[in-house]
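To begin, one chain is listed below as structure tokens, in the form predicted on its own.
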Amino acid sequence: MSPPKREPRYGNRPGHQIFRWVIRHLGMGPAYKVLVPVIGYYVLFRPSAVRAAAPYIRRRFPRKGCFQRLWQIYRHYYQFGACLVDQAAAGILGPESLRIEFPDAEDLSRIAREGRGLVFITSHVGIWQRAISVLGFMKRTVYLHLRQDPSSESMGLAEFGDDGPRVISPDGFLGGIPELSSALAHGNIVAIMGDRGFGSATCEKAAFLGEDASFPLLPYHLALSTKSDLAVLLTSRTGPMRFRLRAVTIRMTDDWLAMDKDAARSLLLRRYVGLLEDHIGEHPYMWFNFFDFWAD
């Protein structure tokens, strides 16, 4: 699979620095207010921004008129901007400033104590990067399969700290798979995007919001090959600096391991896609994959 067309990049280092200054000196309320005209500018005067959001909004909200759809795109980008501001603020004000509710934490701790590897399937929902940084309570090293974006660093989104995850680039040897497999074999945690394949990642089509889209198979391949459990991690913004995390666990039982590997991968993929659809059904402006995910 060839990589998807890179989504347009908005904002720049000076703009990010302005938001950081507002957060430091004026507080969160003014930072959210600054978002209003900024998002309005992009939606009204940057057609590329509308094109980037339209494939998802059109499928999530079918049968809507032009002006209704434009308003939905505005709300979509505003939630995206609010999540970025919240993540940046956590890096500036300290992680304790971010209130994260995680009702599944105890179940995950119990699974981690068993010593098996655990594959976290993350998605472009909410503050997924910051969510990864709160997994320290599991007392396992976290490896994050991610292509780092320099523009994120200027906004403060890559400030994981010394005890944060170890990043393995998909541009490394064999896409980083040997390192990921080794980490799981030693009982550690690997976090992989479930809704974005990198480079030449092997993908499979699955019905998503009424149309087939390509999803990477790497998380399921790793879980099956290393006999590691799976956990689908989903986040939602519940208010200013407030988020809720969900972790839906799929134990890698003998039933899964005895299946034909291709069939098992397909079933696990469809389970993930169903959970993602349910999540964005409840939080429609919280999925931030800004390109035509359904295009070949």
Partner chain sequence: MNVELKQQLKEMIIAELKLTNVAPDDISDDGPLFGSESALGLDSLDAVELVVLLKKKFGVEIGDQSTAMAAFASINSLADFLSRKTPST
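Numbering follows the first chain given and starts at 1. Just so we're clear, the structure is a prediction, and the values are computed from it rather than from any experiment.
Although not depicted, the form predicted together with the partner chain is the subject of the following passage.
The partner chain is not shown here, but in the predicted complex it comes within 4.5 Å of a heavy atom of residue 265. Proximity of residue 171 to the partner chain in the predicted complex falls within the 4.5 Å heavy atom cutoff. In the predicted complex, none of the heavy atoms of residue 108 sits within 4.5 Å of a heavy atom of the partner chain. Among residues of the shown chain, residue 186 is one whose heavy atoms approach the partner chain to within 4.5 Å in the predicted complex. Of the candidate stretches 174-182, 74-82, 92-100, 124-132, only 174-182 contains residues with a heavy atom within 4.5 Å of the partner chain in the predicted complex.
Checking 222, 144, 209, 213 against the partner chain in the predicted complex, a heavy atom within 4.5 Å turns up for just one residue: 222. A heavy atom within 4.5 Å of the partner chain in the predicted complex is found for one listed residue only; from 217, 112, 193, 88, this is 217. Here the marked residues 202, 226 and 261 all reach the partner chain in the predicted complex, each with a heavy atom within 4.5 angstroms.
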